[in-house]
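What follows is a single chain, given as structure tokens, in the form predicted alone.
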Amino acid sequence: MNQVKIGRFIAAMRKQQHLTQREFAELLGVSDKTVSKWECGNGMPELSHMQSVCNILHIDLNELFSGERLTDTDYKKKAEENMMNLVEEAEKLKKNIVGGNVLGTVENIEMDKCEVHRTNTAFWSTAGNELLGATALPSWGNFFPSEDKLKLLGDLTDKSVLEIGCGSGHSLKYAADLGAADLYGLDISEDQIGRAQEYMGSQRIMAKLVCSPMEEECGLPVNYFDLVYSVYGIGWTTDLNKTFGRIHSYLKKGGIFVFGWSHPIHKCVSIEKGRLVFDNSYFNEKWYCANIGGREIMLCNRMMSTYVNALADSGFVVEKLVEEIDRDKAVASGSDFGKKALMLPTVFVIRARKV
């Protein structure tokens, strides 16, 4: 589907109706930035908006997908072409996954750090927990063995601990229950920090919480922590090497860093009619903007070697890489995601040590 052509067509039809981008956006209940993206060919209206777009512009869906006015002669031909294009686009959506969630409309983007921070902060400040869920210790992810079994964090008695991407604070509570005496949390969203403060207060647990992107200087103490950990947080960074460098500086010599994220192979494989189909390149490390539940997120695909090499470059030694499965939970789920997890890793966790 030619998004550039469709975008130009939307712009031309909007102007015929004597509407500015802002006026058009207000009629649709979207931002003028969203309309601008459509008209620049950097995205398509969501399914829920398509009919309204057509009604306002006095066109039909076939003309929208074609990016041009159609005559009776070419209408049937274009309708068949558009149907095939829609099928192809639907197939592409199956490979874009965060955790166990298949994403909506996805487009590759040039990474702009400030824009990524704004977009992802807005996501986690509003509906992030509801749309993606909030994985918290002792869980490292769906159908993955729990921390209670793996014991990757080690003995936390009287230890100083920092969580990267602390979210609502439930993992910090888990660390406190294991005996951690000095708790810190870092998150990009002020709203998440507020939720964590409220939750920790309700549990009568003291924690120092800092709002900042993980890759930026934020005043956290250096050479201080015994343990830094992150549960589904590290993948949101705009700069993996800078983030690992920061974490290295926070840790005491010999300190431990443990983090988990969606396994890179997970995004490459989808389930088609009960079979696993390899339908995306493992080597694709492009940034992309995705829609989930009507909200945008911006993420980057990264290979396993990218994580390991970035750790080595930052002065860490990898002690353990875990790619396991809780088979009983996967089988009991009866879901496609569970069937997929029986065949390939969907989560990985790395334990590394500062040298």
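In this text, residue numbers run from 1 along the sequence as written. Every value quoted in this text rests on a predicted model; they were computed, and no experiment measured them.
Although not depicted, the form predicted in complex with a small molecule is the subject of the following passage.
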{"item": "Interface segment, criterion being heavy atoms within 4.5 Å of the small molecule in the predicted complex, picked from 270 to 278, 135 to 143, 175 to 183, 218 to 226", "value": "135 to 143"}
{"item": "is_contact(F257, the small molecule) in the predicted complex, heavy atom dist at most 4.5 Å", "value": "no"}
{"item": "4.5 angstroms heavy atom contact with the small molecule in the predicted complex for C166", "value": "yes"}
{"item": "S262 within 4.5 Å of the small molecule in the predicted complex, heavy atoms", "value": "no"}
{"item": "Heavy atom of W124 within 4.5 Å of the small molecule in the predicted complex", "value": "yes"}
{"item": "Full three-residue contact with the small molecule in the predicted complex, heavy atom 4.5 Å, for F244, N309 and K354", "value": "no"}
{"item": "Contact residue in the predicted complex, chosen from S212, S249, Q203, Q197 - any heavy atom within 4.5 Å of the small molecule", "value": "S212"}
